[in-house]
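We begin with a single chain expressed as structure tokens, specifically the form predicted on its own.
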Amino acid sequence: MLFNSFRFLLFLPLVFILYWGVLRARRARLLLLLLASYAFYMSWKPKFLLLLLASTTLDYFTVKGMWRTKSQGLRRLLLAASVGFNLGILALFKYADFFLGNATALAQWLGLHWTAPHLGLILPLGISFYTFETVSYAIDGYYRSNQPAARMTDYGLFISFFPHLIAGPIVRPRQFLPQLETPKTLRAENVSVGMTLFLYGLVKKVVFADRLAACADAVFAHPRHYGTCGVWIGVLAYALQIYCDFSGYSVMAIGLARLFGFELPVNFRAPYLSESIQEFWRRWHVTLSFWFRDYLYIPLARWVDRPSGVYASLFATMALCGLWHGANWTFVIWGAYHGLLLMAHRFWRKSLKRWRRSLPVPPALLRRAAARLAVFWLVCVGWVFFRAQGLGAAWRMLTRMFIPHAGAAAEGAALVAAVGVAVLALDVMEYAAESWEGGLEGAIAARPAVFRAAIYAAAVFMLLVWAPVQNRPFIYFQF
């Protein structure tokens, strides 16, 4: 059930009316959200709800056990059971065929006549996202950094809350569980902000991302048909598409949560305006970046405990981040590429402290503009590996990008330029709104009703007039 589908537009008002208009007791409302979230998940493939329930049950009781026992050995055993089960299920469904296929290739390279079986398992929807939430709950429970859920239904709602279930934001227990204990009241501000965010995200997805997809898909499918300029237009189209698609989903999720009185963490903060690759990862998919920082990078850096260990930890963390995105070497290389960029940034920042006095300092405005353009260019190069279907396809794209080739121009260049200007304008507004109380959506919600009605009408008009006929799923649903 996609956020941009007709079924969801029937599902949402029904749940909203029951939540605010029929039920009065707090526990009854939470139970309704839990059941609605399960129904939302089952609308795709009902059988995979069993995995979600198994993970929820195991995690709830293992973390409860960690808090009750004083035996360090038992607490470690419970942690291993929870984390091992969840990561094991993720590895089975997402990576089994990938590793088996690579094992077959290695055996054939060694001259062995052996072929590994192909399991052909379907990846459960949202498993990469909710698995990270279960792991954070178990690890935080082991270190007693936050209280466990009071009831299994509370923990179940934390994991399955339908706005963020499929593609994030990745929510931490301390960000969500305390909100379950707070009585909720229907507030006009929450409805206004929620609707503003939902429509904003929907426009980003349907009007921008889905229209850019046609240009990006054509170029990545047949790069040899296009010249250097056409290939670069295709890459820019994909850079804008994935940003509008994923940030659109995140904004919609945050808006949906606000409709029910909950707050989810911000997941995108104008990343294409970043002045360094480190800043980019603090602004792109924020909840995933901080998850990898807290649960992988920092423990690895402490374990190695050497100056070179920081660089190795950066590289390993980003390579695993790439593998998290998909079972393909292109994703691993994309992650390793960003790991190398972060290592280079760290080295440059340390070296700059020694060379600062001897280096000429350009004007601040020029320096910041050049840094933003350089970071955006580097990120676009990385998107080639992320989007390409294989290493050969990525190589064909890169050779045409950096070695002049004749060929057709990409269709939709004017659309890419127009969307690029629109995204830049939106990002500048979001960037400026970071210092405003309530952000850009809060500023809109505080305006008179006539102003808000005009904004909503404009959004609906864009959706009706410029939405493509084909209804595309969100890109991150495949992860």
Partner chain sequence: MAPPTRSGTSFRPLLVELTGLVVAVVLGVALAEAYLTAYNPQNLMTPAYEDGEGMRLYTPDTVIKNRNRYFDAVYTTNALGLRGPLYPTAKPKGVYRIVALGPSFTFGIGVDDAQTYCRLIEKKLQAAWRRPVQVINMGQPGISMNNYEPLYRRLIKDYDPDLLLVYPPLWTLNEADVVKRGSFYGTDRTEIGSAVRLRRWLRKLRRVPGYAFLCEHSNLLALLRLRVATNIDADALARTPASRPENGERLERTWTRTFESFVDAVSCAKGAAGTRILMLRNTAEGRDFHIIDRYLSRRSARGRCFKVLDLAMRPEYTYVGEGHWNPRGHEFVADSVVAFLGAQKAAAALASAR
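Residue numbers count along the first chain shown, from 1. The model shown is predicted, which means the values in this text are computed figures rather than measured ones.
The form predicted together with the partner chain is left out here; the points below concern that form.
A.B. asks: Would Leu110 count as touching the partner chain in the model of the complex under a 4.5 Å heavy atom rule?
C.D. replies: No, Leu110 sits far enough from the partner chain in the model of the complex that none of its heavy atoms falls within 4.5 Å.
A.B. asks: Is Arg172 close to the partner chain in the model of the complex, meaning a heavy atom pair under 4.5 Å apart or at it?
C.D. replies: Although the partner chain is absent here, Arg172 would stay clear of it in the model of the complex, with no heavy atoms inside 4.5 Å.
A.B. asks: Quick one: does Thr182 come within 4.5 Å of the partner chain in the model of the complex, counting heavy atoms only?
C.D. replies: No, Thr182 is distant from the partner.
A.B. asks: Residue-level question: is His325 within 4.5 Å of the partner chain in the model of the complex, judged on heavy atoms?
C.D. replies: His325: no contact with the partner chain in the model of the complex.
A.B. asks: Of Ala316, Ile89, Ile277, Ala218, which one comes within 4.5 Å of the partner chain in the model of the complex, counting heavy atoms only?
C.D. replies: Selected residue: Ala218.
A.B. asks: Could you check which residue among Ala81, Val191, Leu340, Leu296 gets a heavy atom within 4.5 Å of the partner chain in the model of the complex?
C.D. replies: Looking at Ala81, Val191, Leu340, Leu296 one by one, just Val191 meets the 4.5 Å heavy-atom criterion.
A.B. asks: Okay, which stretch from 447-455, 63-71, 417-425, 49-57 lines the partner chain in the model of the complex, with non-hydrogen atoms inside 4.5 Å?
C.D. replies: That would be 447-455.
A.B. asks: Using a 4.5 Å cut-off on any heavy atom, which residues of 70-84 would contact the partner chain in the model of the complex?
C.D. replies: Contacts from 70-84: none.
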